[in-house]
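Just one chain is shown here, as structure tokens, and it is the form predicted alone.
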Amino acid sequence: MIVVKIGGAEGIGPQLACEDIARLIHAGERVVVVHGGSHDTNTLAERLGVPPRFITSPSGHTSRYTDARAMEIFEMACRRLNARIVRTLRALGVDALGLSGVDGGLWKARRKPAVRAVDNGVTTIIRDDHSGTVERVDADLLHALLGAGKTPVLCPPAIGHEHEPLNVDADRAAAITAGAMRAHTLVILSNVPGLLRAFPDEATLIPSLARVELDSAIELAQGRMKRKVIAAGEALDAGVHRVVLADARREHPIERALAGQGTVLA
């Protein structure tokens, strides 16, 4: 079984990934699809006159500031992209079914009670951020859907302990999903060929890393790639055999990833 995470950054369309997913499924492989929606959320927020805001943690991780209004926009954007991917897969002969992490309590998450953010060198505490971390995946539901011939297409938000929608990182949600499903491979697609030793020079691609090397590799990662490296480590710790960070922009992106093109972590 394979879990494929389709990135939500600018420049990544789902068509090429969907074509590969369809080929895998028609060949008898079981696939669970996960996607984010960062670029779609930014675009929708600008159209609605609510420019997106981002916060940087003391450790240097950048994330979306998700107050109540931003949460509404994030959910709308993710659901729209989810429907687009489902339509694309169905046109390719795949019996795809779209779900957010809220549906059926599929992704249960813990809300962060407070978020530390650094602004102009000053650390502040934010308490109205609707973000969290997926703690549990309903693997039985996903197995039942796969057993019925469905291909689940999953997206944020997750559902919190108070039944509230939460913005969760889709890479890390894909990692915990892959672990819960006992997937042999997690493919994380983005708009770069993998982890680069000297970003943005694509000639510096790191072709492979062992689990013990990931902590130091995080220091090399730039921007959202940091979260992808963290997600890769979490997936390996959860029992996934390998994770491939691969390029969504090229034809046959998943086929290339499964052949080892990208950064292979095992």
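Keep in mind it's a predicted model, so treat the numbers as computed, not measured. Note that residue numbering begins at 1 and tracks the sequence as displayed.
This protein has a second form, the form predicted together with a further copy of the same chain, left out of what is shown; the following refers to that one.
Novice: Based on heavy atom distances of at most 4.5 Å to a further copy of the same chain in the model of the complex, which listed stretch, 235-243, 22-30, 196-204, 44-52, is the contact stretch?
Specialist: Looking at the other structure, the answer is 44-52.
Novice: Can you tell me if Ala180 lies within 4.5 angstroms of a further copy of the same chain in the model of the complex, counting non-hydrogen atoms only?
Specialist: Ala180: no, not in contact with a further copy of the same chain in the model of the complex.
Novice: Although the partner isn't part of this model, could you tell me whether Val187 comes within 4.5 Å of a further copy of the same chain in the model of the complex, counting any heavy atom of the residue?
Specialist: No, Val187 is distant from the partner.
Novice: So in the model of the complex, does any heavy atom of Ile176 sit within 4.5 Å of a further copy of the same chain?
Specialist: No, Ile176 is distant from the partner.
Novice: Is Ala96 one of the residues lying within 4.5 Å of a further copy of the same chain in the model of the complex, judged by heavy atom distances?
Specialist: Because a heavy atom of Ala96 falls inside 4.5 Å of a further copy of the same chain in the model of the complex, the answer is yes.
Novice: Taking a further copy of the same chain as it sits in the model of the complex, which residues of 207-231 have a non-hydrogen atom within 4.5 Å of it? Please list them.
Specialist: The stretch 207-231, when checked against a further copy of the same chain in the model of the complex, contributes no residue at the 4.5 Å heavy-atom cut-off.
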